[in-house]
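The form predicted on its own is given below as one chain in structure tokens.
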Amino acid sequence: MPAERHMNMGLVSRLKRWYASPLWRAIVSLSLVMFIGIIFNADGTFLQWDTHRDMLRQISVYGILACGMTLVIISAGIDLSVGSVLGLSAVLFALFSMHFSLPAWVSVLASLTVGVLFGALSGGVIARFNVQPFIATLGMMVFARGVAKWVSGGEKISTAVLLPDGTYNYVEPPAIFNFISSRILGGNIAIVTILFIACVVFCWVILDRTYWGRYLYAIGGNEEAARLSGIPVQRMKIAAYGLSGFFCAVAGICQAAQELQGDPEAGSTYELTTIAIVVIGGTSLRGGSGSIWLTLLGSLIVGYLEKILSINAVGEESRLMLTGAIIVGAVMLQRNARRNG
């Protein structure tokens, strides 16, 4: 009996350690979602590669935003402006490329620069004036959306270029648009998906292979202790939000290329899905813990869940309610795991 009791206690201990691991929770969650897809496969639609390819393409823009959000949340921050900065970047990229006919590298560089500047501005307000991240990025969300509408005149920037006489001249989509919206490997992988994976690898290098990443974890774990340890807290916060703005610009460029237009309303409510991806993946909203690989798993969980609901003709209202419930459930699961861990 004592030996059996000891074995049972060992099993319980292992289960607790597993339950406390965000990676294992994310893997099990993804497996559960995949299992649901196999059961509710919409007459075999879920079992076709085209479904998975399209899911990866559709979630890639959100995943790119989530890369930047991961850096911010690890540092115990939040960025509600990601959708608006995406919309502004999409407008500027379309404007530079189609209306101003600038070279592709100039349009890309200019859009990325604006994204970094807007992100760094949020970080500067938070770091230097001690404004709560929620308030600062909420203000930036409204401000960036207003700039997008001002720059575009409240209209979508498309291939229809307005001439001084009031007529329209229709231009061909720039080559950079066609490239970003194309597929490779026999049409099986979208370029946008490749860019998403590149962003994940870039974040992994920052978080796991540079002192910047160690600093971000330290700031998220205990900001005061990080400051006393000599970590440049203000600069690192500005850098984190600047990188978030960078990824917003990348996502905005991808969005404009796929839609062949820069919509000032693009990215509306994207911040909700982005935060959901990071939290569902297992990165703690309290900061100091998490990884970009958890965000990748979170992207797949949300992407497959959305795809399964879509192919089974579930209404948007039900999808939104389910996403909200999952976010709350994920946070509660994290909290219980910390108590048991």
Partner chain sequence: MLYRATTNLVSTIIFSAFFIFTGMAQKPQWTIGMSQCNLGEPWRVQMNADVKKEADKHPELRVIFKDAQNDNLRQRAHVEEFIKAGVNLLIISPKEAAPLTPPVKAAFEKGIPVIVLDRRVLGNDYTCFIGADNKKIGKAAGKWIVSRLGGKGNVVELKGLMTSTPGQDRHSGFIEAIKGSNVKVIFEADMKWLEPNARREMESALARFKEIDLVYAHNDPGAHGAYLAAKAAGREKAITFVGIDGLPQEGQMYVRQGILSASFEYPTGGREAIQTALKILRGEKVSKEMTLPSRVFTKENIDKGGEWLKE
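Rigid core (definition): largest C-alpha set, two forms, superposition within 1.5 Å. These numbers were taken from a predicted model, which means no experiment stands behind them. Residue numbers count along the first chain shown, from 1.
Unshown form predicted together with its partner chain; subsequent notes refer to it.
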* Closest heavy atom of Thr159 to its partner chain in the predicted complex, within 4.5 Å or not? -> yes
* 4.5 Å heavy atom contact, Tyr215 and its partner chain in the predicted complex -> no
* Asked: Looking in the predicted complex, any heavy atom of Gln48 within 4.5 Å of its partner chain?
  -> yes
* Asked: Quick one: does Thr193 come within 4.5 Å of its partner chain in the predicted complex, counting heavy atoms only?
  -> no
* **Arg235, His99, Lys149, Arg227 - the one with a heavy atom within 4.5 Å of its partner chain in the predicted complex** => Lys149
* Pick from Phe179, Tyr170, Tyr211, Trp105: which residue has any heavy atom within 4.5 angstroms of its partner chain in the predicted complex? -> Tyr170
* Please determine, with the chain shown alone, which of 276 to 284, 305 to 313, 291 to 299, 28 to 36 has non-hydrogen atoms within 4.5 Å of its partner chain in the predicted complex. => 305 to 313
* Who in 40 to 61 is close to its partner chain in the predicted complex, meaning a heavy atom within 4.5 Å? -> Ala42, Asp43, Thr45, Gln48, Thr51, Asp54, Arg57, Gln58
* Asked: For Gly44, is the C-alpha shift between this form and the one not shown 2 Å or more after core superposition?
  -> no
